[in-house]
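A lone chain, given as structure tokens: the form predicted on its own.
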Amino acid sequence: MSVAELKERHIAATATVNSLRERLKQRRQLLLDTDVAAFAKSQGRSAISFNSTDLICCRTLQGHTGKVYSLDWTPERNRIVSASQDGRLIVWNALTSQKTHAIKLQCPWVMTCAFAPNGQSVACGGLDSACSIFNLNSQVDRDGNIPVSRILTGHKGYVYSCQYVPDQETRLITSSGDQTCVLWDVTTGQRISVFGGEFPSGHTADVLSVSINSSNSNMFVSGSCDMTARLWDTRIASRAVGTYHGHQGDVNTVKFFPDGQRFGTGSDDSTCRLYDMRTGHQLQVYSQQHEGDDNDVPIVTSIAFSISGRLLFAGYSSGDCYVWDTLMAEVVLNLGTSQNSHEARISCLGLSSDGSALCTGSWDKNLKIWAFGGHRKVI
């Protein structure tokens, strides 16, 4: 068979696949006769009552001299690690605002950081295309810096996101600009599995975010510049379990819903979306009407769910941080208009393990801790 014939067959097969994909999309649209909010309203449900005194800024963590790009909580909830454009990782005591560690990085262009489940190590990655591991119990060198205990190399593009597998200090997943995610053995520094890349069901652009299912740590979801989120099973690296469409821009952030059966996404298209893993359907879109030029529409940079899943916290490039009622798809609070709010883009946010506090990081070089105030019950 000649090259020309192969090309013709490839073009015909691609057209057939695209046609089937469009037909499948149309069939799914016919099944989506409602969404979560419409159904809830038909049942007489109303948005949760929330005001500015229910979630208050109780701490401002100052110490970085550059934009804050990433943060993560320890499982025991009282420590936070943050990564900044100043080329440092800082570990904070969230209760006292004190710095317990300040780690100077070999590559200042850090984009992500994560705590190990035992709270004894931190990981970070960035434009050096590697993920560096630091043991917080290591002896400092003569300059007072904690040495790198392990460098995970193998990605062919920047490392945009990293997360330890829950309850496994020796397993870590990264996502990269090389269009892949990798499961690592931190002890040996070796790659266990690569997700995407040469496999046809993988992402076709930079992978910006990962979230591991706390209910089933074999499953994780990734978000990409190809405008999709993909579900993966670490036991089956050769193909994605599911691909989720709907966004009209880069999927910057993904996060599993507390029950492990759904996940949320945030995108450059200024929307957050909720997807069901089992059906593959989009359950809800969380979006605000924006006036003016489409180029000025704020992008969603980071999301987190409350411990019950009733609230969705979403950080935006405008400096807003909306608290969405996930059931009614309504904004019940905007931390961006609260007293002591950030003065620039909110780049990252995360919830403590017990759900009692939210931490936000910003390009204004600060982190802020928000706690439920007064007699407000943690939701």
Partner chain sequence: MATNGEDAEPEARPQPSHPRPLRRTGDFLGKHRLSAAISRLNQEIQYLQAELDEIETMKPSSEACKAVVLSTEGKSDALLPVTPGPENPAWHRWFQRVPSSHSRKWWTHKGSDVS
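Positions refer to the first chain, counted from 1. Because the structure is a prediction, the values reported are computed rather than measured.
Just so it is clear, the following notes concern the form predicted in complex with its partner chain, a form of the same protein that is not shown.
- Taken together, the three residues F50, H281 and I369 all lie with some non-hydrogen atom within 4.5 angstroms of its partner chain in the predicted complex.
- With its partner chain omitted here, the record of contacts in the predicted complex names 270 to 278 of 270 to 278, 149 to 157, 247 to 255, 134 to 142, defined by a heavy atom within 4.5 Å.
- Of the listed positions (S287, T228, S217, S306), a single one reaches within 4.5 angstroms of its partner chain by any non-hydrogen atom in the predicted complex, namely S306.
- Out of the listed residues Q168, T100, T96, T188, T96 is the one that sits within 4.5 Å of its partner chain in the predicted complex by at least one heavy atom.
- Put simply, Y164 is far from its partner chain in the predicted complex: not one heavy atom of it is within 4.5 Å.
- Y69 falls outside the set of residues with a heavy atom inside 4.5 Å of its partner chain in the predicted complex.
- Within 4.5 Å of some heavy atom of its partner chain in the predicted complex lies at least one heavy atom of T34.
- Proximity of R88 to its partner chain in the predicted complex falls outside the 4.5 Å heavy atom cutoff.
- Residues are counted as partner-facing when one of their heavy atoms sits within 4.5 Å of its partner chain in the predicted complex; in 1 to 25 these are M1, S2, V3, L6, K7, R9, H10, A13, T14, T16, V17, L20, R21, R23, L24, in sequence order.
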